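First, one chain by itself: the form predicted alone, in structure tokens.
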Amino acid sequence: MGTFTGVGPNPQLMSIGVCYFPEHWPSERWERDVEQMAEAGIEYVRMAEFSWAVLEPERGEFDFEWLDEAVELIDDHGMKAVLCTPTASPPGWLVDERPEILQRDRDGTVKHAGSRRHYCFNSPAYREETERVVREMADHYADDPRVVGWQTDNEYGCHGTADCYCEDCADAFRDWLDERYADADELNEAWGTTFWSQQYDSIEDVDVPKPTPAQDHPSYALDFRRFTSDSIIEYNRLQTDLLEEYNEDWFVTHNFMNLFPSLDIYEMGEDLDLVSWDSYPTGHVQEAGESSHDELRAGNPDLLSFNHDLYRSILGKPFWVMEQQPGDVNWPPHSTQPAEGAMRLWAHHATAHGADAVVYFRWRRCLEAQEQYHAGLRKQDGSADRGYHDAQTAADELLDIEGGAGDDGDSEGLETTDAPVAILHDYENIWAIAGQEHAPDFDYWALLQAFYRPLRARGVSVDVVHPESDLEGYDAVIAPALHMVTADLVDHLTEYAESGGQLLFGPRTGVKDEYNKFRPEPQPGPLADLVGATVDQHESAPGHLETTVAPVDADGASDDLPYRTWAEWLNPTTAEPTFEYTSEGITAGKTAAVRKAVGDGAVVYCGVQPEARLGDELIGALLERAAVPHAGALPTGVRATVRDGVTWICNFTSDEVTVELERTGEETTDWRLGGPELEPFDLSVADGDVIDRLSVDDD
């Protein structure tokens, strides 16, 4: 990308923003809207993401007057504009002129205009139209200092639109395969197509997936997933390159989504200056499954944290929440009202995890169309809604917290604190497992959460990184599901452990090669020497079966620790058994986990998906071996996070809680916000890193 180094005069400042659609409202209302934004302490206003038909009501006739007026008002009130390329919703006249831009479902059904995201990423026609409209917008604002950055498109792939099965995609897929494989013989060998007579005589014979009686060939499915991600990345690169061409000082971002599996954001992040994502806590927790009362009011803090940590880790620097839930929302199964103060809590929680801006979606509830039941900071009549007061409070508090960083009241903001622990995650492993989940309730993200949650329950900061990332700075590394493993990755992980790192593997590790085929040697394949064990058998277990393990030196049934969904029986070779199966029946007494000293470090392999107590045991032992400072186990829904020497304690529960800080000397605790007593859905901010002195009483 370009020379972007930050936003505004001080790139570390923590800011509040809002998404605004001036085209939805009479122009005489705009000035009052913008005045109220400024009164709330808002600093950034995002606009124009779905405005193509307003910007270009007919081909070649562009109207920027309305957007110019909005940008001017925003600048007049001391705020900055962030604009969006409007390509997520091509206008009707364009669809009429060039219907070949439309996506097709797997069965050939055309996705017509009438909502959004109905275009094909591989359509040459749509790429041509994208370049035309983005170039027009970029040229118009190229020398306008009031515009500080851009968001490309909107939520690539949402509504199941990552995949397209049209003829343009079929041609592009064959071109992609041509670059990857020398000929059909190499492709057949790599995929293993002799099964069910699936050989290809030519790469030209390969088509996009179509309806079939049984499941897709897993190697074919994996490559199609890779192709789909590459197509989106290439399309986005078209936009980022254009924007950089017109102004290298702009930041360029894209708004990603909660646990979105279809797009490799590590690769796409290389084309962005800033990573952002859209946070809707009461909706996301419903997507994850059954939700508690408190989660329906404030979300699950560990699910939120995981997303924050993932998007912060992509570029290794602060991120933005580009859409923050402002109140009730229209799209989840149930539209619960957030708890009092929840919108303020979410802004602080994001900031604690490294967000430099939290942008609420949206300014005002719509009067029309699909999102009428989506709240804004203001109600449909323009009066303040609950989220407005929370946003205003958060803006004031974040400014005060920031100002406390120096004795003179001046601040350069808060950098993102280095995390002592990394979780390894990548998208190719998601795609490979998705082709053969082998259990209806197996979920890659849930497996990651099983190892992530106990870290956050102890206040440990976590980076979520690609397996090929530099691991030197981490005291401990967790690899929950490295399904596909290469020789280079084995060397990388071995070097980490030998140099003193503490490494923890989860189940389904080392199963496949890079083409999603079983290896000819026992699992974990090339990792067997590092782990000191092999897998004899595996099984997926339904929820009604009793599934427990216990430490090998356990002396009673009280030591039984539940696991779920997936189990592997291990044959230790050079490793020491640490857990064994205690459930009655065929698994009883078999090894479930092992530990091996490797150089100056150690490697643990856990062959099951742990439930909460087992996860606590595994992570607690890992942190002790790695000498990572941590809190005592915090109550469910109460979490503590350190950012640059400042500690946030967030209460996502409906209970009052009391923070207790152990004194190790004469030091006292200064509170930048609040204090040791937290009301329901409240937070406090302590000066200094107090994690290893922290405990919480929730009685």
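As the structure is a prediction and not an experimental result, all values here were calculated from the model. Sequential numbering from 1, following the sequence displayed.
This protein has a second form, the form predicted together with beta-D-galactopyranose (GAL), left out of what is shown; the following refers to that one.
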{"item": "Selected contact from D223, E568, E295, E323, since only one has a non-hydrogen atom within 4.5 angstroms of beta-D-galactopyranose (GAL) in the model of the complex", "value": "E323"}
{"item": "Position in contact with beta-D-galactopyranose (GAL) when the complex is considered in the model of the complex, options E234, E371, D560, D426, heavy atoms within 4.5 Å", "value": "E371"}
{"item": "Q392: touches beta-D-galactopyranose (GAL) in the model of the complex, heavy atom cutoff 4.5 angstroms", "value": "no"}
{"item": "Close approach of W30 to beta-D-galactopyranose (GAL) in the model of the complex, 4.5 Å, heavy atom", "value": "no"}
{"item": "Distance check, S291 to beta-D-galactopyranose (GAL) in the model of the complex, heavy atom within 4.5 Å", "value": "no"}
{"item": "Distance check, R116 to beta-D-galactopyranose (GAL) in the model of the complex, heavy atom within 4.5 Å", "value": "yes"}
{"item": "Full three-residue contact with beta-D-galactopyranose (GAL) in the model of the complex, heavy atom 4.5 Å, for F451, T509 and Y605", "value": "no"}
{"item": "Partner-proximal stretch of 326-334, 624-632, 577-585, 206-214 relative to beta-D-galactopyranose (GAL) in the model of the complex, 4.5 angstroms, heavy atom", "value": "326-334"}
{"item": "Within 262-282, the residues that have a heavy atom no more than 4.5 Å from beta-D-galactopyranose (GAL) in the model of the complex", "value": "D278, Y280"}
